[in-house]
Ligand SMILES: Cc1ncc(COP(=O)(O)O)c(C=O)c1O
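Encoded as structure tokens, the following chain is the form predicted alone, with no partner shown.
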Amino acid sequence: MNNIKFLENPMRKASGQGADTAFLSLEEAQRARSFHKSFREYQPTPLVSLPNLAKALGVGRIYVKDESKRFGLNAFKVLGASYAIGRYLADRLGWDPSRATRDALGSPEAREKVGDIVFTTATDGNHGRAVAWTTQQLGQKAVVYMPKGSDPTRLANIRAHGAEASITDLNYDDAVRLSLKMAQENGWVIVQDTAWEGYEDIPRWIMEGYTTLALEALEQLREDGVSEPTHIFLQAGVGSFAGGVVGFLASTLGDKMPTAVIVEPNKADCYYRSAEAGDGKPHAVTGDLDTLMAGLACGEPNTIGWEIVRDYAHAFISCPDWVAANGMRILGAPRTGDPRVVSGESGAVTTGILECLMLYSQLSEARKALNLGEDATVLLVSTEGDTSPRVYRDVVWHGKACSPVFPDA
């Protein structure tokens, strides 16, 4: 339907029969959260209930984890970047990870032992800002490369944390390769949320950092009387976030883990295409990756994240930009009585696709396959706020990327 593509996972395995998720266990999630708590800015982000939207769509409950409130940075990425940098510095110092706190790692004694380190990364904005913020907190330096078409506001936000940053004429994956090249030539440390052969520790730590979000959400649901969600929709760019959360849920809940649906833009749907290939291998998407969902404009899967998602996710969806734009408008102008959530283009796509699944007759088979109905408790993650104010206004105020079709209800 208008380029919304749905695929049940043909490779899914039973709990514990697939990729190893031990590094995403409850114990490791609690370790990551202890690290995050050492920052004065730490507070669990809100878990917002949208009962009137749930009623309108025909599901039991909808919850949105609002990551615009994370550390004052308007996005969730700092959870992964900060934890990876913290673990790297602890390793350099020869410390047990439990010693890694913001104050300890930023102390003059620690700084003297590790010396000056330059951390580098490629980013569309949120991850780079997270790396810049963390290095500023810990007295280190960052160099950040952004793909062509990146929003100058996001560039300015990165530079505001003292980083050297620039917009290149490359797509995201080539910007990653540039960052790696510069790291190798200059002795810098690359902090990338994707993995390749020989580069796996930092991506694993980034994925572990994201489990703080999932741990918070489960605790908040239980405080609201919900033992666990029946469904969770997760965005995939390189897949570190999706892999981290799916792996945590598989490790922690086992057979009780919710139905996990992976959502991507059509123009950067490397997870959908990898699943569609059916050979168990990750497959890349090439080209400009030109999508409204800038944070998901990644063509090459994180190999670690892919293995976990391949084995434990239930379904994959590839969708056009108007789905994300609809999600932004739905959250930004909520049903009467529901709270407003300011969600950016990558943050709102899961809300947009949930509406499509529930209200478009053309997607009825997908809805049935996912068992989405009045008994469903759906968890969505708004991974970012209005990190590009211009894009947010264009979509929410001026109707950019309008839906070419309309729902049945």
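Here the structure is a predicted model, which is why all the values come from computation and not from measurement. The first residue of the shown sequence is 1; numbering continues from there.
Heads up, the form predicted in complex with this ligand isn't pictured, but that's what we're talking about next.
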item	value
Phe76, Asp124 and Gly237 all contacting this ligand in the model of the complex, non-hydrogen atom within 4.5 Å	yes
4.5 Å heavy atom contact, Ser346 to this ligand in the model of the complex	yes
Close approach of Phe248 to this ligand in the model of the complex, 4.5 Å, heavy atom	no
In the model of the complex, Thr350 touching this ligand (heavy atom, 4.5 Å)	no
Partner contact for Ala142 in the model of the complex: this ligand, 4.5 angstroms, heavy atom	no
Segment that reaches this ligand in the model of the complex - one of 328 to 336, 97 to 105, 111 to 119, 124 to 132, heavy atoms within 4.5 Å	124 to 132
Val323, Ile232, Leu296, Val309 - the one with a heavy atom within 4.5 Å of this ligand in the model of the complex	Leu296
Residues in 363 to 389 close to this ligand in the model of the complex, defined by a heavy atom within 4.5 Å, in order	Thr383, Glu384
